[in-house]
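Only one chain comes next, encoded as structure tokens, the form predicted on its own.
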Amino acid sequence: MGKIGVWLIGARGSVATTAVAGAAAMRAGLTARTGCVTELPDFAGAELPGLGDLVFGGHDVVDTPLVKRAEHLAAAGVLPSTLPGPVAADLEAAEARLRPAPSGSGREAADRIVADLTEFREGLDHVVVLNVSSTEPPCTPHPAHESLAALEENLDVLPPSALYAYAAFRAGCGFVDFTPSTGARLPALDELARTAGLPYAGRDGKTGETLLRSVLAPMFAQRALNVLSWSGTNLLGGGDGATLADPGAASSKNASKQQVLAQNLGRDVDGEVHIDYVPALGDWKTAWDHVLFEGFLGARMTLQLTWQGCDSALAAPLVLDLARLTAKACRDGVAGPVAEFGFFFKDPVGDGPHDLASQYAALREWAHR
């Protein structure tokens, strides 16, 4: 399949650094390929690019080198303590391809992103742009979002994630939004992707609490158990927790988290998700859910569960999976939203199932199509 460029928005963040270091470690045989869906036997023979075919670059607003970020993550227990040294050359190679994120907005910023992507893709067969940056507040609707012709006259109405999607399509790249931000989910950008013959996918990577919900909610529905309420509390540290301490960004995250319940239960249920920033947790997160449900003859019962995990270690292999799968979609000429990638997302674009088992079956079938 040739060399595949992976352009990471937020390239020096924890998720991106873990993905780049992890890809290098797996290529060198330093670690097992645990957590990578595309490494499962079900995807053997799917003609995906190899991990050795991935070439990393990206944008970020911070300037801490990837090697230093990897050392910090190793000290925090996110990466193995012995890993930064053996993968330092790979991190330095990726670091040389990173560029400062454009500081402006609108046409000037879009042209700058297109120029960086065009330079990056020289010698590569395809490029996938992956958004792993901080969550944005919800986008304010604007008439220019409705058509490409109107949008071309006023790019200033695009939030950063959508501006990146626009620039990615203009530069001939596929686009994936691993965050709950707007990304490509505007009619004008969908029009651009289809016109350019390019794929996109998203939104909001499904790594913890919502992953469990996408398994458990169908169980209640299929057993004819009436869910009365479903409440959750999330404790987050690190950069993600700091970002979601902002009510606007938290509202984007909560909206995507609630989608899986409504879609699998067929209706909205009582209960909310609360997100609390706990700096001392660092890159770890804890999610607690309380489910009140009704059984035979109206008997009330509860399910309580706790999920504790390292967000970067959960997300990074999915970033690599999505890079490989989207590269295949680019090669195969897929245009518009790839609904079959909904397996990876809380609030997936396109039409597709929302329970994890059906999503996995759809993804496996797509990969071998």
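This structure is a prediction, so every number in the text was calculated from the model and none was measured. Residue numbers run from 1 along the displayed sequence.
Below: the form predicted in complex with another copy of the chain, not depicted.
- In plain terms, the part of the chain that comes close to another copy of the chain in the model of the complex, with a heavy atom within 4.5 Å, is 214-222 out of 142-150, 195-203, 103-111, 214-222.
- For the candidate spot formed by L117, F169 and E365, no residue has a non-hydrogen atom within 4.5 angstroms of another copy of the chain in the model of the complex.
- The closest heavy atom approach of L155 to another copy of the chain in the model of the complex falls outside 4.5 Å.
- Heavy atoms of R267 never reach within 4.5 Å of another copy of the chain in the model of the complex, leaving it off the interface.
- Contact annotation: V349 falls outside 4.5 Å of another copy of the chain in the model of the complex, judged by heavy atom distances.
- Taking non-hydrogen atoms only, A339 never approaches another copy of the chain to within 4.5 angstroms in the model of the complex.
- Contact annotation: of the candidates L54, V37, L48, C330, the single residue with a non-hydrogen atom within 4.5 angstroms of another copy of the chain in the model of the complex is V37.
- Looking at 286-300, the residues that come within 4.5 Å of another copy of the chain in the model of the complex, counting any heavy atom, are T286, W288, H290, L292, F293, E294, G295, F296, L297, A299, R300.
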